[in-house]
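Just the one chain here, the form predicted alone, laid out as structure tokens.
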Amino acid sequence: MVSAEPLLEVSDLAVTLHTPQGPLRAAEGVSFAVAAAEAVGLVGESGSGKSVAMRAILGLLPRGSTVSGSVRFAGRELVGVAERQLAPIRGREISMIFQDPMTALNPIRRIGGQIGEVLRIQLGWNRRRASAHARELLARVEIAEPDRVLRQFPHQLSGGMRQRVLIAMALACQPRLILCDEPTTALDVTTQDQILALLRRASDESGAAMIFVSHDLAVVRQLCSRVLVMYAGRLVEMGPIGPVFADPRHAYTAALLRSLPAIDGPRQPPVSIGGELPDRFRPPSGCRFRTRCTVADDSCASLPSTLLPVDGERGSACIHAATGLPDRGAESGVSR
């Protein structure tokens, strides 16, 4: 879907998690590409498989998980690669910013030691050089009194400060790709806006590509030029932000947009998405959104799971993709 040679190319990615209830297909048939310096959003409800797909890129899944398909980064295959080959890529070429900094940071180590360790391990720097650069990184993410913060432990910082520290660590080795796994979800609105502005500026200055995972389309719109929409483990729509927001070609994308307060134009009350996510152990055939969809018909039960082309830049896994969604009003709920 991108014209430039992709930095990251994911093809038919599938992830199976082994749970006490049996194997769970957390992601399947996921295919997309990200160009160098591009900011792409990955959106969907909780449980749609967004975070699992991102963690699969870096091999950060629970022990015993099964991954198939292909993940190529800068021409190198990452699926099936040994841990010792993935370790130099993590942090140095691909970094990840997690949702909860309190679990991502080591609670018993000072901030300076944690940032410095990344630089010493990945770049081979000595302690003095790593310490000096750690201070520069904290200043870059607009942390006041960086020398004081370097001596502190994570619990001594606010949530926004901890998230800034994670961003500093993600930028430490000047990676080519940054994976952001809902990094603003737990923050208040003011701090969230500050973090989004910081991420946008950091990406622009470094030239790093970015995948921003969120359940909030409004946040993704601020940061990204293209969006991927995921539902029940599958991609259901992708395309440039503007056209997707203005004219969604999958009923799930349209329902997501209706569930948000209006961003542009006349104010409309948000409409919740009726029904529930399908049983992931026994998912329905065809389109997985059809049990909650207001425009579904019998043919949706046999619809292939692959994206259908809408135009040169867009794709949708909806039978109505090419012609546009039928207008049955803004109501939502279970229709079949």
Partner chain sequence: MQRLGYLGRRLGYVLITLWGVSLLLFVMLQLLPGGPAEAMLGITATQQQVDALNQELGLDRPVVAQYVDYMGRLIRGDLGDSLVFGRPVVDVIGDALPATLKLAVYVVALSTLSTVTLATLAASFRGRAIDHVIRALPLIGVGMPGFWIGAMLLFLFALTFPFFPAGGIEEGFAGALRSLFLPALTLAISVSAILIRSLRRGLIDVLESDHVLTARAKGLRGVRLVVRHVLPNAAIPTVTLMGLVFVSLLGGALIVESVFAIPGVGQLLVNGFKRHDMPLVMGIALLSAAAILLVNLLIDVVYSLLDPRVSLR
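Residue numbers count along the first chain shown, from 1. Since this is a predicted model, take the numbers as computed values, not measurements.
FYI, the form predicted together with the partner chain isn't displayed, but the following is about it.
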(request) Could you check which residue among 118, 199, 210, 232 gets a heavy atom within 4.5 Å of the partner chain in the predicted complex? (result) 118
(request) Let me know the one among 71, 141, 105, 171 whose heavy atoms come within 4.5 Å of the partner chain in the predicted complex, would you? (result) 105
(message) Whether residue 176 contacts the partner chain in the predicted complex should be assessed with a 4.5 Å heavy atom distance threshold; does it?
(response) no
(request) Report yes if any heavy atom of residue 83 sits within 4.5 Å of a heavy atom of the partner chain in the predicted complex; otherwise report no. (result) yes
(request) Could you confirm whether residue 132 comes within 4.5 Å of the partner chain in the predicted complex, counting heavy atoms only? (result) no
(message) So, residue 63 and the partner chain: in the predicted complex, are they within 4.5 Å at any heavy atom pair?
(response) yes
(message) Taking 4.5 angstroms as the heavy atom distance cut-off, pick the stretch from 26 to 34, 307 to 315, 51 to 59, 294 to 302 that is near the partner chain in the predicted complex.
(response) 51 to 59
(message) Going through 152 to 179, which residues have a heavy atom within 4.5 Å of the partner chain in the predicted complex? Please give them in sequence order.
(response) 153, 155, 166, 169
